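Take a look at this single chain in structure tokens; it is the form predicted on its own.
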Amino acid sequence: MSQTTKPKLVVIGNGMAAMKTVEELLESDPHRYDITVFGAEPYGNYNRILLSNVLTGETNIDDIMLHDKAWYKRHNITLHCGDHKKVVHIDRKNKHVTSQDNTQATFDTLLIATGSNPFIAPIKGNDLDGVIAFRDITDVETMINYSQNKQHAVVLGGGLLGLEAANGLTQKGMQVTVIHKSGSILNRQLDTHAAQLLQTELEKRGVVFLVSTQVEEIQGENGHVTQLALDNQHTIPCDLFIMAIGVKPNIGLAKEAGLASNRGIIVNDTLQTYDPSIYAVGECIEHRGDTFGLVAPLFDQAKVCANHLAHHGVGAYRTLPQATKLKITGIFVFSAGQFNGTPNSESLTFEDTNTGAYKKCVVENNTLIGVVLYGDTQDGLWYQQLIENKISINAIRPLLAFGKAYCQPLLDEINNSTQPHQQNDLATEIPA
């Protein structure tokens, strides 16, 4: 296919889902498209899940870059990135997109990967300076700058991002309080016992927790936050207020273009929208009623989407049980599946108070349906495979909480005994 006849692929979004799709496409069919990428941030593609490591100082911005600008040049990809390169209009009829600074690009195929926007709680005072989210490099730079001359940081939300922000700011020397609406932190990722173990460990590091608490008002002076009024009639000092209470799929551009959307942009099993020339991946999509916020399903989507963009025509995306890992130095947490159980499930638990290890395996109909690991998470992937593959745990039930080293040999023995024995070809030769 000559350079002049290449179809044009335009990608809206320069995040991990978008560029994983492009990367997979280049591996599969590197010369099929003339590719143009639009990104709202002034960088190449970076690993967003390592932003907390940048905050703590374990790494820096350059270290988390997955594709620097030179990579785009090497692969003949046109990159438009920066504040004014955000795409603001999709013309489906004439097949072109327009950015904020009026840069236009025509397409034969369009890939939308606009990600998600942090949810900003509708609390009075949320427009004050010092009120931020934890979503991108700019947010991390803001937190680092505040830590150098401010004292009190408050994080709204005891989820994964909130705890990573709290830990990082504590290491930076700030006095950090986490406010969480639920009665236990990480309530969507951990059972109450593991959550309490985690909270106790973070408290040892200096983090203060206010659970079952809500912020009534963000108060300030001279346009900057100074304190928070809580629903228990108390106030607490606050120089920096970080909202980490979830995200919303960024579907405004797609809706304006008339693409079918609900909570996210609706796609089929090939990641194609109702417009056959437009695909979508990542946190902006809705697939069979599900939306996504973890990296693993985004990468699975990228592989399927790239397969179809390359016209191989095979592969269908399906949602698998997703695991959760916490990225806090020295604290190991893992969960997967239905760890809170069902009306018909039962739990097998193990706890070693000397080492701080805690394991909970949730079993139903002789299969593992959920797991929580705290302290010792080395078998997390193994447990996840048991869940995904619906493997019978009947023979390993007494040893299940002790992990792979004890259980896998038994499973292998059972598997080998059920395999049909292959006859030796030499032994079955017919004598002359």
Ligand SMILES: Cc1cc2nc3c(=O)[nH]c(=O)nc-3n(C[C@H](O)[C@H](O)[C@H](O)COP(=O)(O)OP(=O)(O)OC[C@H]3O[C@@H](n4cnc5c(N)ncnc54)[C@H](O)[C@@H]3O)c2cc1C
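Numbering starts at 1 and runs along the sequence shown. The structure presented is a predicted model; accordingly, all values stated were derived computationally and were not measured.
The next section is about a form of this same protein that is not shown, the form predicted together with the named molecule.
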- Kindly confirm or deny that Gly158, Leu186 and Phe332 each have some heavy atom within 4.5 angstroms of the named molecule in the predicted complex. no
- Message: Since only the chain is shown here, I'm wondering whether Lys327 would be in contact with the named molecule in the predicted complex (any heavy atom pair within 4.5 Å).
- Response: yes
- Message: Check Leu128 for me: does it contact the named molecule in the predicted complex (non-hydrogen atoms, 4.5 angstroms)?
- Response: no
- Using a 4.5 Å heavy atom cut-off, state whether Tyr374 contacts the named molecule in the predicted complex. no
- Query: Would Gly293 sit within 4.5 Å of the named molecule in the predicted complex, counting heavy atoms only?
  - Reply: yes
- Task: Please determine, with the chain shown alone, which of 394-402, 26-34, 365-373, 45-53 has non-hydrogen atoms within 4.5 Å of the named molecule in the predicted complex.
- Result: 45-53
- Item | Option touching the named molecule, based on a heavy atom within 4.5 Å in the predicted complex, out of Val87, Val176, Met243, Val225 | Val87
- Note on the structure: As a check of understanding, the residue in Asn340, Ser261, Thr213, Asn250 with any heavy atom within 4.5 Å of the named molecule in the predicted complex should be identified as Asn250
- Out of 5-32, which residues reach within 4.5 Å of the named molecule in the predicted complex, heavy atoms considered? Ile12, Gly13, Asn14, Gly15, Met16, Ala17, Ala18
